[in-house]
Every structure is written in structure tokens, then in C-alpha cells.
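Below you'll find only one chain, the form predicted on its own, shown as C-alpha cells.
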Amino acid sequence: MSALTLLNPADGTVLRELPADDAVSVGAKIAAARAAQPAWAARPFAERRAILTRFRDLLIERKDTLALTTTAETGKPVRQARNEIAATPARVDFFLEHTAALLAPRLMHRQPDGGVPGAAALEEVVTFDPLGVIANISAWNYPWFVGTNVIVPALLCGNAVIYKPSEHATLTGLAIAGLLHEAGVPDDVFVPVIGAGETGAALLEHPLDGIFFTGSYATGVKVAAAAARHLAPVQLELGGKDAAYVTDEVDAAAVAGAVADGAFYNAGQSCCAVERVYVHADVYDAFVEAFVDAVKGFAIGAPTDEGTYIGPLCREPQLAVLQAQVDDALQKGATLRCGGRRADRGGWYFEPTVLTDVDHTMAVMRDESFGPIIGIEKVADDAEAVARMNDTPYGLTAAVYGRDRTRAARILERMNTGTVYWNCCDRVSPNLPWSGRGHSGVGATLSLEGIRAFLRPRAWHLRAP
């Protein structure tokens, strides 16, 4: 086996070196999961539910220690890491509450014999089976959220899970595995595989019963192509270039802080972070002034510091991506309001950056940034805002800030996105499906749809003799 080196984004030092899974070990783990899955599915649902409830309780009990692990390897400020873990049990609870009903058989039609001699009654019933052995290739930016969105319903439905955490959140992934095994999930039913892209590619060489991936559009295309070779169901939760529109109805200064938080939380490393802002001309100047003031107030510092709001980027190569977007925008006429370069400190920090006088010829308004950088564009009216917001191949979220719900709804219903927000942004609820359109992915996690994704129907035609 080769080695996987884990680095601390705050200073670039080595955290740990771990053996990485290769094609041989991946194959052995899949075979073990294949053998173990039928017994797990045969357990009464109440047993599986009790085990996942214990996992939830362990998560709450150990959230402080777990948050430090996530912070060390991803650079997420510890307060934000703790917030993520503290919010995860609500998602687990949704699955614990609703899965049993979706597993229950459904009588769809009954045809009585009508009293005719020789005629037989007919029933048509649907039952639901687990997919079998599924792969979950997860992400580093919200490893607890995106992991449990897949892991918990998959296990509750009776599947075995081959779990590949991101190489940038490996220790968190191993912590998730440890909690599940301690709670009672058999080792061969939830199986972590450790490594980078080569390990993921080896995993996808095998016929699996479902592939659930969270990551970039470019990698998602590769995952879909690999899944197609085996006709495996695939779910892709990919990136976004999420837009927010501030109408002329609002107190622009009052909403600027909320939009700034939606753009810069977790250093902008969220698939649903606001990455483009469009502001009605009547409130543009006031909004920009308040927005820049808010961003300048964000504390940059060590992610272990409770007062830090902006920590380092998780991946060092992203520094060059952000600098290229800034340079491109400035060359094409944008105005730099703050930031614009790598921070003058150790580690992989980029200054919170605001650009105005931007347009859609600039990469910062077209390409996913995934960092603490935002472009703000002035628009004349709602029609121009709609055109700008839809001018993207991505389709994850869109937000409108305004007093008039009817007006906002007219705008939002024209958005080609899986999620829309009115007077909020950058939030996810277990009650609602989380889905993307276009380059933002296919399928849905969370909600009832996120449970059904781990089941396959069986049709029963039952005629009495």
C-alpha cells in the first residue's frame, strides 16, 4: 500500500501518514461488505434504528473532540466545526423518524372475486428492498453533514456502505467509522477506504449497487462515466455558482451582513455559498458600503481560535485559482474593494475579497470560486437580475432579498435551481430535498426523497388459488 500524507492547512505541517487502500484491499473490502449485507438487511428495522440512535448519541457526547479533529485537517474554524457537528443530530433524527414508513409494503390495488365461481381475488403490492452495497465518496468541506446525509439512511434501509472520505478529511472519516462501529454497525457493513483519487478510481472499477458522490463537477462527470459501465444508480451532489439578488425594497445595509455571511462562512468553501451578488441600482451604493464593512470585520486567524471567522483554505492549490480570478477581473475593469491576495501569514489563507464593477466576461462571475471571494454587480430591474442569475451552467441555489413575497416568488420560480431562498441563503433543512440541476448534479439527498434513493421497489402480483 502507498501512504497518504495528511497536512494541517493552518501551517502546512504533517498531521499523520496513513496507509492508503489499493485495488487489492478495495476489492477485498467490497467482497466482505457483499457477504455481510444480507444479514444486516435481515435484522429487524428496530435494531438498525437503535444502533443509529446510539451513533447519534455518541456524536453529541463527543462533539468537542470531534470538532478539533475536523479543524486540524480541514482548517475550518473550530466554532464552525462544532456548529456543524451540533446540527448533525437533527438530520439523523429526520431519518430515524421517517424511514420505517417508507420501508413498509404498500397495497396498491385489490380486485375481489365478485362472488363468481372459479374467480380468484388479486392483490397488487409494492415492497422495498435495499440497493445492496453502495459507495459513498464524500467531501471535506462539511464532512459530517454530507457524510450522514448518505450514511444514515443507507444503513437504516439495510444497505452496506463502502465509505471513502475525502483525503482532506480522512481523520474525520475514520472518526465517523469509529462511532458507527462502537454504536453496533458491523465492521463489514460500514467499511472505510482510505486514499486519494487513485483509491476512488479503484473503488469505481467494481460493480456496485449505487454510487453517491459529493464533490466537483469535473470529478462528478468521471464518476458518472464509471457508474455507467455497470449501470449502477448514481447520485451526484456537485458544485454551484449560487446567486443572490437584493431588490430595491429592502434596507440594503440591514441585509448586507446576512449576505456577506452567506458568502464567506467557512471561507466560502460551501457548495451553496453565495458566489455572485446582484443588487438593484437604487440600493447598490448603500449595499456595497455595508457589505464591504461587514467583510472587513471578519476575523482572520488560527482555526483553533474561538474568535476566528475566516480560517485557511483546505487545499493549497485553491490559492492560485482565487488569485487568477482576481487578476482576471481587475484586468477586465473590476474594482477591488478589499482583499485580493494571499494573506501575509503562514498556512493557506486568502484575504476576504470583494470585487465590484464586475460582469459576466470575468471568471469570478462564471467559474466556481470555492473561497472567500465575491463579485457584486449592479442591475437595473428584476428582469436583468433574472437573466444574470440564470447565466450559468450550475443550478444549486438562488436567493432573493425583498419585502414582497409575491414578487420574490415570481423571480424565484424562474430560477433553474434545486433550491430557492427568500430573505435567507446558504441553509439546508432535512425536511426538504437537497438537489442540483445542470452542473450541480443529479438526484437528491435529505427529505423523503433522500431515503427513497437507497431503496428499490419490487412489484407483487398475488392471485389467490
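A residue's number is simply how far along the shown sequence it sits, counting from 1. In this text, all values refer to a predicted model and were calculated from it rather than measured experimentally.
Just so it is clear, the following notes concern the form predicted in complex with ligand NAD, a form of the same protein that is not shown.
S.K.: Tell me which stretch of 258-266, 151-159, 165-173, 347-355 has a heavy atom within 4.5 angstroms of ligand NAD in the model of the complex.
M.R.: Selected stretch: 165-173.
S.K.: Please pick, from V250, A290, M389, V146, the one residue with any non-hydrogen atom lying within 4.5 angstroms of ligand NAD in the model of the complex.
M.R.: When ligand NAD is considered in the model of the complex, the option within 4.5 Å is V146.
S.K.: State the residue from G340, G375, G200, P192 whose non-hydrogen atoms include one within 4.5 Å of ligand NAD in the model of the complex.
M.R.: Checking each option against ligand NAD in the model of the complex, the one that comes within 4.5 Å is G200.
S.K.: Examine F213 and determine whether its closest non-hydrogen atom to ligand NAD in the model of the complex is within 4.5 angstroms.
M.R.: Yes.
S.K.: So in the model of the complex, is ligand NAD close enough to P77 to count as touching (4.5 Å, heavy atoms)?
M.R.: Taking the distances in the model of the complex, the answer for P77 is no, it never comes within 4.5 Å of ligand NAD.
S.K.: Should G311 be classed as touching ligand NAD in the model of the complex when contacts are defined as heavy atoms within 4.5 Å?
M.R.: No, G311 sits far enough from ligand NAD in the model of the complex that none of its heavy atoms falls within 4.5 Å.
S.K.: Since only the chain is shown here, I'm wondering whether W40 would be in contact with ligand NAD in the model of the complex (any heavy atom pair within 4.5 Å).
M.R.: Output for W40 is no: heavy atoms all beyond 4.5 Å of ligand NAD.
S.K.: Within 4.5 Å of ligand NAD in the model of the complex, counting any non-hydrogen atom, which residues from 136-152 show up?
M.R.: Result: I137, S138, A139, W140, N141, V146.
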